[in-house]
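In the block that follows, a single chain appears as structure tokens, in the form predicted alone.
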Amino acid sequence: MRSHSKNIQTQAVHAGDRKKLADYTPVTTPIFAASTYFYEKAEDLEAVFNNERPGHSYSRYGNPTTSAFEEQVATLEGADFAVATSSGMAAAHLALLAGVSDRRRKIVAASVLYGQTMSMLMKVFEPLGVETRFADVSDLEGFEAAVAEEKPGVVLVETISNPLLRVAEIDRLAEIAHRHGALLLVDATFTTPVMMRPLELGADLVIHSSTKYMGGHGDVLSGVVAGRAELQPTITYLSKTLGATLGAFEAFLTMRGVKTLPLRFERQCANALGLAEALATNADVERVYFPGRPDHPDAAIARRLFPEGMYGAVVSFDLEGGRERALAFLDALRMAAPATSVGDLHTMALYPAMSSHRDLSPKHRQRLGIGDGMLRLSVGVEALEDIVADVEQAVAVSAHKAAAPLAGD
């Protein structure tokens, strides 16, 4: 069902559920494991194939569990539709293909994106004849100049960039994209609908790696793209044809995770703010990147676009000493997991040069501002004092190891 409440806490719990199956209604959506469906009359099946009546025929085209998850996300995002995919990268691929399918085959993208997204643009789309120009979203005048010159079919940005945590002014970027005839695609994985609804700010499609905060428990791989009704036929067709469909078990797990998303994410944001403040006073930390800190270049934008006190649940920071120091930090962690993701209940640490941005050359990473000593923390829901204690002892251990060779010289 579509939740009638406008409160996201209520929507997350109820949206998509309570479909009447017979003379009973399950409280939560069950797992429909069937791959195919049939009807008493062949005409009914044909009507489903022709989209003349609701129903399911084949799970690559749609599954009751997956459809419930899609309805849940569409409700949270204020979208007309949502299509679930097998991963966040599949969702990004689907959205980009839909964007350039009947528009100019050019893309203007934020200069700092998730590394695998940049690789897809350069190594998948460009060989297919879709050119990409990267531009700095923090320089709106320069970004619009790039869009005006390229006249792209698609503009692609992230709400909060990974791992530098720059905040994009989605409403103004939407105006720029539409002024020049382009669609605005927004990867909102780092903000979730709890912090921002990009469609309400003018975006045309919103993308999530729902593996992350939506699933939230580190036990499912999934993605989703949501948007306005006029783009639904193209997205749906591409999903059916390419087959990057989300399975029923994965849809069930992700949907279950979304029910507690507001509770988890609010706690994670509060913990991230506390951790960023602690790291900023640590003499062994060179620099902290977090939109909630007054020294962040986008602090004013974050206050304008995000709910009060919420700035995301990711903190990045630099340690002097490069790769060896960063790896020593990861090895010294006792509670946080050195794992390659974000959004789980537990705190995780990642070295971008080794994982999320490993496909980029060292010079490219340096140009983007991703140094060899940069680390990224996905902050969990543990007690803040335990998170701070673990991170700070790992910083101290890595500093001691970095200083040890000097002591022997």
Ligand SMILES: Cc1ncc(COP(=O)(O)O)c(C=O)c1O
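All figures in this text were calculated on a predicted structure; none of them were measured in a lab. The first residue of the sequence shown is number 1, and the count goes up from there.
Beyond what is shown, the protein has a form predicted in complex with this ligand; the following relates to that form.
Peer 1: Within 4.5 angstroms, counting heavy atoms, which one of the listed stretches 177-185, 88-96, 122-130, 279-287 is next to this ligand in the model of the complex?
Peer 2: Partner-contacting stretch among the options: 88-96.
Peer 1: Heavy atom within 4.5 Å of this ligand in the model of the complex: which of Thr192, Ser209, Gln268, Gln72 fits that? Just give me the one.
Peer 2: For this set of options, the contacting one is Ser209.
Peer 1: Which residue, Phe143, Tyr311, Phe329, Tyr114, is the contact with this ligand in the model of the complex, using a 4.5 Å heavy atom cutoff?
Peer 2: That would be Tyr114.
Peer 1: Glu158: heavy atom within 4.5 Å of this ligand in the model of the complex?
Peer 2: Output for Glu158 is yes: heavy atoms within 4.5 Å of this ligand.
Peer 1: Considering non-hydrogen atoms and a 4.5 Å limit, does this ligand approach Ser222 in the model of the complex?
Peer 2: Because a heavy atom of Ser222 falls inside 4.5 Å of this ligand in the model of the complex, the answer is yes.
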